[in-house]
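In structure tokens, the next block holds one chain alone, the form predicted alone.
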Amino acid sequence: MDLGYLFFLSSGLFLGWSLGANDASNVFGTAVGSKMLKFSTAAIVAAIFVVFGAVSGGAGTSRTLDSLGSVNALAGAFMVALSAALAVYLILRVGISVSTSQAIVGAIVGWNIYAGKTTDMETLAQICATWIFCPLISGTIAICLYFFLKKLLKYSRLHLLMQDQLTRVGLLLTTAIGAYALGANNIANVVGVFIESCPFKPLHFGSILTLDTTQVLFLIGSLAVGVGILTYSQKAISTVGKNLMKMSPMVALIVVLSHSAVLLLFASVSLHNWLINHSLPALPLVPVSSTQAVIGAILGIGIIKGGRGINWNIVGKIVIGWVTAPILAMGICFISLFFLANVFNQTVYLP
């Protein structure tokens, strides 16, 4: 194994750790905030399933990021990932859950500018459009689920204790689904820029399973995400799970389901191909913001309840984080590439 590659890959692993620390709040913050699940239980389940999602379903969205800017030098990929990770970490330090997807997009655009490469504006427009549609779709799904489950509970005549038990089981299942969706949709943010220079060989588990080179890269990146979930996610969880809006267990369940549905919709290659084969408009395979998805779901339910329970100050801070993340990552990346190339004599892009 090339030790130089592992050194450069460390920035992607740092970004994976940052994503896990930041986006765990979107997967199970509402469940922990509603006190229906213990943090340790939810974190372990999420850490396991985020790996499954990344390895089995992460290929689709990585192609989109490659179209936005094909980072063709290992040192450049190192700085793109590091810049996005630093932007996420700096904003996370103040307790604001931020979009890792936006940070990596900003960093790639910063690399394009420095390298004199043309940014694919069609791809960039697709990605930016999801920053608007993602919370809207999530909010719409949440509203539909809210009315459906409300009627279902009304006519089911379940005892409150049985409702409570089913809700706990449901939250545990949605944590697993949400983590799988996060891995499938967002692993491209973590290590997508390293695919072109990936030196790994296929990994064989007997005759049962074989991981190709990209899947091995996704496996390593997703393990870093899992470590981030287990070690540093509680601060952001307090923002999404408790402070944004007080939620009942049923609402917490709806929020995670809506978030997971949106991430899977934008990550599923099978769904994308099925829609195209049936001459239907297909959703782009884009790494969307899990933060925006969960905030959209919370706001959707909060608005149909009159909006009185929403902490709009927290909403404002989160929106500021969304705007700041890509700009900060782009600036850090551009400046850092200059120093990496001129001070440390590293090749950060190839002609």
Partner chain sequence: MFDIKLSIFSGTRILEQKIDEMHDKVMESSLFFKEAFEIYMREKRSANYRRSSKKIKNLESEADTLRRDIESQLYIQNLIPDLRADVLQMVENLDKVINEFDEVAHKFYIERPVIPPEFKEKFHILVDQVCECAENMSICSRAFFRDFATVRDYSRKVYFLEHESDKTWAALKQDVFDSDLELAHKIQLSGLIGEVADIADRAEDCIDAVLIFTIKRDI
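Residue numbers count along the first chain shown, from 1. Keep in mind that what you see is a predicted model, and the values were worked out from it rather than measured.
Not pictured, yet referred to below: the form predicted together with the partner chain.
Only one of 196-204, 160-168, 274-282, 112-120 places residue heavy atoms within 4.5 angstroms of the partner chain in the predicted bound form, namely 160-168. Contact annotation: of the candidates F133, Y89, Y232, Y146, the single residue with a non-hydrogen atom within 4.5 angstroms of the partner chain in the predicted bound form is Y146. Among the residues L223, A261, A73, M250, the one placing a heavy atom within 4.5 Å of the partner chain in the predicted bound form is M250. In the predicted bound form, the partner chain stays beyond 4.5 Å of every heavy atom belonging to T64. Mapping the unseen interface onto this chain, S34 counts among the residues with a heavy atom inside 4.5 Å of the partner chain in the predicted bound form. Using a 4.5 angstroms limit between non-hydrogen atoms, R93 is distant from the partner chain in the predicted bound form. By the criterion of a heavy atom within 4.5 Å, L153 is counted among the residues contacting the partner chain in the predicted bound form.
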